[in-house]
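Before any questions on how it binds or moves, here is one chain, the form predicted on its own, in structure tokens.
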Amino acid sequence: MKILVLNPNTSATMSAEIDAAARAAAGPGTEILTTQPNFGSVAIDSAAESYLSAVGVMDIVAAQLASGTFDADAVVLAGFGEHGKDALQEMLEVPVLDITESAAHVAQLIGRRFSVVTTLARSIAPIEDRLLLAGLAAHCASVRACGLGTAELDADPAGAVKAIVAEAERAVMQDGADVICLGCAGMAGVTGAITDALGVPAVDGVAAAVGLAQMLVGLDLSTSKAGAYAPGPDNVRTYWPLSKALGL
């Protein structure tokens, strides 16, 4: 089984962290291939950067399809609350999992109410929107921000752990959460710190998505093409894939 993990930003450091989290969750016989867009933003902390990242991950898949090199059994989009999943589901028949939805699905299996701890306050609304769109908002106690941007998580791991655990504690004590979802792929290493400090489970979205992807592939399930995720119309697209047009 091969799982293609797409980091939607262009940070090589974060791609390495995501790859490590994905490999840790992979079972025997599962191959992880982690990659990132050829263009975009080094961190995604705004709506504009999120939309740009969607084009970037679509470009990766479009280029592989055009060259006949796409051979993954499942795809994981490793952006928490970022755009692009629906487009990839149109483009592909294999399962496509988003780490936001995957973390929430897993959290609901092990607790009644979960909270998400994310990066900046401006990331709260997109995450709330993604959970609502996916029908996962009913058991979400809160979405909280630790106050650190995506790049800051990379730059100061120790400070990031402290800030994330503190916000998780507020979610448990004030909001009634009994599970914490880490609201950024770069937070993968914080699960143990949260559980040790607060005594509640913490779910990393990358690990959850890889686990669910393995389950779906093992059950021989794929993306339905009967309705919303049917292939789009074959309209002419200029300069697409964009990376090929740019010679990247």
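Remember, predicted model here, so these are calculated numbers, not experimental data. A residue's number is simply how far along the shown sequence it sits, counting from 1.
Heads up, the form predicted in complex with a further copy of the same chain isn't pictured, but that's what we're talking about next.
Not displayed here, a further copy of the same chain is kept clear of residue 162 by more than 4.5 Å at the level of heavy atoms in the model of the complex.
In the model of the complex, residue 224 approaches a further copy of the same chain with a heavy atom inside 4.5 Å. Though the partner is left out of this view, residue 199 does reach within 4.5 Å of a further copy of the same chain in the model of the complex, counting heavy atoms only. Interface membership of residue 97, defined by any non-hydrogen atom within 4.5 Å of a further copy of the same chain in the model of the complex, is confirmed.
In sequence order, 105, 106, 108, 109, 110, 111, 112 are the residues of 99-113 having a heavy atom within 4.5 Å of a further copy of the same chain in the model of the complex; the partner itself is omitted from this view.
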